[in-house]
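What follows is a single chain, given as structure tokens, in the form predicted alone.
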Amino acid sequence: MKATPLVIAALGSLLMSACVSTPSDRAAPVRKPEPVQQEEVKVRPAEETGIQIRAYEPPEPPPLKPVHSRAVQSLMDQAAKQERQGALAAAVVTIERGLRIEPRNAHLWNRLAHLRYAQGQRGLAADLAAKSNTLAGRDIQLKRDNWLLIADARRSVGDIAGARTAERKARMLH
């Protein structure tokens, strides 16, 4: 049976009034609440009701727009163009120029990590992605990308346990 809010309030009020002292020497009479009739509640399984129950997932935070100086943004655009043309070494040099201007820019470290991975330098790529994570702050998407890159790099050198750990960290950033 469900107790109605009115019954609960009345019971609470009665209990509280029993604790209050009165100005007279005699105690206030205490009334016993009337018994409440219980109703039978039938609970049906979710399968019968057609209701689907899912775990709560917090909403995805909006992506943070990276803040770059004009010079760094220009260098990033130039490096992207060089990468599309297959000039990975030139793109690396361009991103490294950007890092001399903004050494704490997590997006530049991430970009450099991806370029090193593409060049086959998997261990270095994982280290650079880890460096990017230390600077990423609240940028969850960047951190997730870094962890996935680390997982790929570790898997490519045979570190399966390390790859699984990195993938788990990427999933935890949901």
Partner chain sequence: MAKAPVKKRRKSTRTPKGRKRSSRAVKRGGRGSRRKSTKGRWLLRFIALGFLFSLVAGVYVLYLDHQVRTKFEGKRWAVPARVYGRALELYPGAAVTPVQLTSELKRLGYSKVSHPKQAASWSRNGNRFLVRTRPFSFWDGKEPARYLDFRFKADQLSTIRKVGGGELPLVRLEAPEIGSIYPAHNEDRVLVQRKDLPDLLVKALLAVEDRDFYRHHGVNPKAIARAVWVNMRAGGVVQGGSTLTQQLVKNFYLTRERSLWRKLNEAVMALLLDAYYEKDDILGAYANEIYLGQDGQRAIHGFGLASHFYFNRHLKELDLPKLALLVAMVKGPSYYDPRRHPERALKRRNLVLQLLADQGAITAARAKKASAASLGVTSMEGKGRGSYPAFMGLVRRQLHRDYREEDLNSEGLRIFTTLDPWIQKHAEEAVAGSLKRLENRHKLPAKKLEGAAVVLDSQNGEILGVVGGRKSRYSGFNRALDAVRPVGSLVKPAVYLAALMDSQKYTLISQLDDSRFTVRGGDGKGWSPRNYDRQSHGEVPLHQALAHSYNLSTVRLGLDIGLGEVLDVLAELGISRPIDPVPALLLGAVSLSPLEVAQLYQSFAAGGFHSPLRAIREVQAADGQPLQRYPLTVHQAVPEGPVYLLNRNLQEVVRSGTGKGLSAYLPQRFNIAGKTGTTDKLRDSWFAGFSGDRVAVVWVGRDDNKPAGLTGSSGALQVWGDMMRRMNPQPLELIRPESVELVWIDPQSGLRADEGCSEARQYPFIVGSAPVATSSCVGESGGSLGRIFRSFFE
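Residue numbers count along the first chain shown, from 1. In this text the structure is predicted, and so the values were computed from the model without any measurement.
One more form of this protein should be noted, the form predicted together with the partner chain, which is absent from this view; the next part is about it.
Interface residue remark: residue 131 is counted as part of the site for the partner chain in the predicted bound form, having a heavy atom within 4.5 Å. In the predicted bound form, none of the heavy atoms of residue 86 sits within 4.5 Å of a heavy atom of the partner chain. With a 4.5 Å cutoff on heavy atoms, residue 116 counts as touching the partner chain in the predicted bound form. Although the partner is absent here, residue 112 is a contact residue: one of its heavy atoms lies within 4.5 angstroms of the partner chain in the predicted bound form.
In the predicted bound form, the residues of 90-110 lying within 4.5 Å of the partner chain by at least one heavy atom are, in order, 92, 93, 96, 97, 99, 100, 101, 103, 104, 109.
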